[in-house]
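Given next, in structure tokens, is a single chain: the form predicted on its own.
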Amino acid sequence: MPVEDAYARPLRNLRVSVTDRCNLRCAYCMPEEDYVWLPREQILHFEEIAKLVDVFLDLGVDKVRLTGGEPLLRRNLPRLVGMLAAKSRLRDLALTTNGVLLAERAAALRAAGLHRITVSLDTLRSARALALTRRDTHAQVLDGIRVAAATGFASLKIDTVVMRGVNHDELVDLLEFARTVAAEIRFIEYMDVGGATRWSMDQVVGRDEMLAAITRRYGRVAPIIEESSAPADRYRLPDGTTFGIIASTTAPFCARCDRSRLTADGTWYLCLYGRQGIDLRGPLRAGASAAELQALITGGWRRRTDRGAEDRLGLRERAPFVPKSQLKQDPHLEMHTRGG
């Protein structure tokens, strides 16, 4: 049985950041000019990640997603994928990428045993992509998605952060693109976490508004009723095409959240909005046994009462979660450090 927290939410889904570095500077994640990076000597080795994953598997985790930063920047990543894929208790091994390096690495990742892949794509327009990411890599991202679609992953998803005045008019275009590559797209409400230092509620396009826009184009959109702890509510178009909406800003899913996050330097966060993490690297490198690490993780999860997105929803005046000055003092608060 998985370990449960104070609200009976199981420990089932672990996101593992393999690097805090990124090759894009997206406006909703990394809008500043400079950043404080994690010291390289503190970054977990692959063997350390694999050992910690074993401990989490003993406690009921059966899903792992590799994140960043941009995980494809981590050298020899297929080796880690192979180490994790060999663990029979791991039911689902996925990766989220911005897609810039995907075309050249998709085959190696699939050969190593990666099950599923999610690519971030916020626009189909190259000029918008350049303005949003401050890097001229849009063509590589589109190519990476097409290569991944042909590589044979069990599932390909596209994640789109929807922002008013930026890309909210592209919902239908992005849905149509996802069809062409046999991917399921998920539209994500703009969140006020980590590096979203210029976030405002005015820029949030809520789930109801997205559904209204899609309904105007396609007709009736039917919700898919399913038992799942996944963050997306899924819908079906009249022709059977499916898509998802992650309404984490206007309709949080805290009540069923089974996710935790391990940073590249081994700090474990129990909530996307958590300000304090639990150091696992220190005990691991000091020679802690598997039982000792299990006790540390179990104790932390059983005390977990986090409902960060719900707490944010109740604020009368909502501003970005973390001021820029605090991010410089503690880079663990950045989304590119702890993974989204």
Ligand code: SAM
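Note that the structure is predicted; figures quoted are calculated from it, not measured. All residue numbers are counted from 1 along the displayed sequence.
From this point on, the text means the form predicted in complex with this ligand, which you will not see here.
Look at 103-111, 138-146, 183-191, 169-177: in the predicted bound form, residues with non-hydrogen atoms within 4.5 angstroms of this ligand sit in 183-191. Taking 205, 264, 81, 161 one by one, only a single residue has any non-hydrogen atom within 4.5 Å of this ligand in the predicted bound form, and it is 161.
Although the partner is absent here, residue 196 lies within 4.5 Å of this ligand in the predicted bound form, judged by heavy atoms. Using a 4.5 angstroms limit between non-hydrogen atoms, residue 120 touches this ligand in the predicted bound form. Among residues of the shown chain, residue 96 is one whose heavy atoms approach this ligand to within 4.5 Å in the predicted bound form. Although the partner is absent here, residue 59 is not a contact residue: none of its heavy atoms lies within 4.5 angstroms of this ligand in the predicted bound form.
Residues 67, 68, 69, 70, 71 of 57-91 are found to place at least one heavy atom within 4.5 Å of this ligand in the predicted bound form.
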